[in-house]
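Single chain ahead, written as structure tokens, the form predicted alone.
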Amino acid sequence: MARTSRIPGFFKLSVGERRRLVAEATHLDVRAFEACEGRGLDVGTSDKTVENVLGVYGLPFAATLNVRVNGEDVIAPMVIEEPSVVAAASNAARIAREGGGFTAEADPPLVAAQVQLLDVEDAGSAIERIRAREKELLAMADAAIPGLVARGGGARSIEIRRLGTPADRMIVVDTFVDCRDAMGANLVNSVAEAIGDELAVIARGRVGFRILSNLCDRRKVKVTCRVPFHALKTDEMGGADVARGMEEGSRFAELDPYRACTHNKGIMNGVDAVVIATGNDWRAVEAGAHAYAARNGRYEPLATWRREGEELVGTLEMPLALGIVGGTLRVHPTARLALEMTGCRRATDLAVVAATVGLASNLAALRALASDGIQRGHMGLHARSVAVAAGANGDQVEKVASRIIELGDITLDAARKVVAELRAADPTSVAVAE
């Protein structure tokens, strides 16, 4: 079977059938997917990973379908608890295929090692002295990370900035490190530690903080898609009208930080789910994304949409530092399986996949807001979760969900009443959960 992310009717299949089809589509052994149900972290490993461990917390491990990026199909893993996100991203990716899918590019994996220098009497002279010794400092940095240098990475350049007013007597030295296929936090911190004391001597000041920056604006991903108007139509609205509404919604986010925040949250629904699934640091990704959104002095959307001819063009640009080696991948077997699902062989490839799912999630949200409203699909899926919480099982889940949607009362109490009614009609059904 050729590698494909297009599997119609996937949501209607059993979990076992889904595993088999994804295994075939990604050229992996189905037994790896069958085993993933029990392949999360065990308590013993968890106790060695973080502190004060009480147990292990599980989240749904799902697949985003229909993704086509740079001419290749990708099944993207997602770990997320929010209903409708996976379905919405998959549907939006299918819509984007009507225009050829997504195109994306990623910057080299550069991350800044920051050294804060304090009590610098003459900042101008200190900056000149540091610049004069850049080659020597880069060599010191590389000496601290020989393994990365052996893999083709290492320190690439140094930039120096004055901070605050002259009274602060503070400068910061940013050393940009090519992290190759690692996220790079520990490597970059090692660089900052290695050159900090020498920088203080050169600057004739005092060394302060030495740590990486999670605002990785030299490590950005840019994703675009061109969606024909006809692909955006709904039962109630024509595609051109939906496209106009989506463009107007984009402008809303560009002009209002309150809207931009929720706009970006929708993007991060997709990005974070891929980041978590592959064992990467979603807190670092979130911090960098939101800092980048505020880079111009006001909070702005990471993705924008414009009509061009008979197409709606979406563009997402954001920093994204991900790794395919080290970190959680060393200890979490399902994270390793998730990475294998993507077929990514470089960290930049994984960043492209995560950002693409982010833009797909944004496409889905804006299309819903511009047409049917965000609640229609979301509440339908939420109703299923409520039904399960009320004690429904098997075929009861869909019956209870449909009934509470029909009643317009998607609450636990309403679901329990419907479960009780079903039980009364069929005494062999499972008792209502207390």
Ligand code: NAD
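Residue indices: 1-based, along the sequence shown. Bear in mind the structure is a predicted one, so any value in this text is a computation, not a measurement.
Below: the form predicted together with the named molecule, not depicted.
Asker: The named molecule in the predicted complex: within 4.5 Å of a heavy atom of each of 106, 274 and 317?
Answerer: Checking in the predicted complex: none of 106, 274 and 317 is within 4.5 Å of the named molecule.
Asker: Is residue 234 one of the residues lying within 4.5 Å of the named molecule in the predicted complex, judged by heavy atom distances?
Answerer: Residue-level check for residue 234: no, no contact with the named molecule.
Asker: Could you confirm whether residue 332 comes within 4.5 Å of the named molecule in the predicted complex, counting heavy atoms only?
Answerer: Result no; residue 332 lies far from the named molecule in the predicted complex.
Asker: Tell me, yes or no, whether residue 327 is in contact with the named molecule in the predicted complex, where a contact means a heavy atom of each within 4.5 Å.
Answerer: Looking in the predicted complex, residue contacts with the named molecule include residue 327, since a heavy atom lies within 4.5 Å.
Asker: Given that the partner is absent here, does residue 224 sit within 4.5 Å of the named molecule in the predicted complex, heavy atoms only?
Answerer: Residue 224: no, not in contact with the named molecule in the predicted complex.
Asker: Just to be sure I understand the contacts: of 85, 112, 253, 148, which is the one whose heavy atoms reach within 4.5 angstroms of the named molecule in the predicted complex?
Answerer: None of the other options qualify; the answer is 148.
Asker: Please pick, from 182, 92, 350, 246, the one residue with any non-hydrogen atom lying within 4.5 angstroms of the named molecule in the predicted complex.
Answerer: Answer to the contact question: 182.
Asker: Pick from 68 to 76, 134 to 142, 236 to 244, 172 to 180: which stretch has non-hydrogen atoms within 4.5 Å of the named molecule in the predicted complex?
Answerer: Heavy atoms within 4.5 Å of the named molecule in the predicted complex occur in 172 to 180.
Asker: Sequence order please: the residues of 278 to 301 with a heavy atom within 4.5 Å of the named molecule in the predicted complex.
Answerer: The stretch touches the partner through 281, 283, 284.
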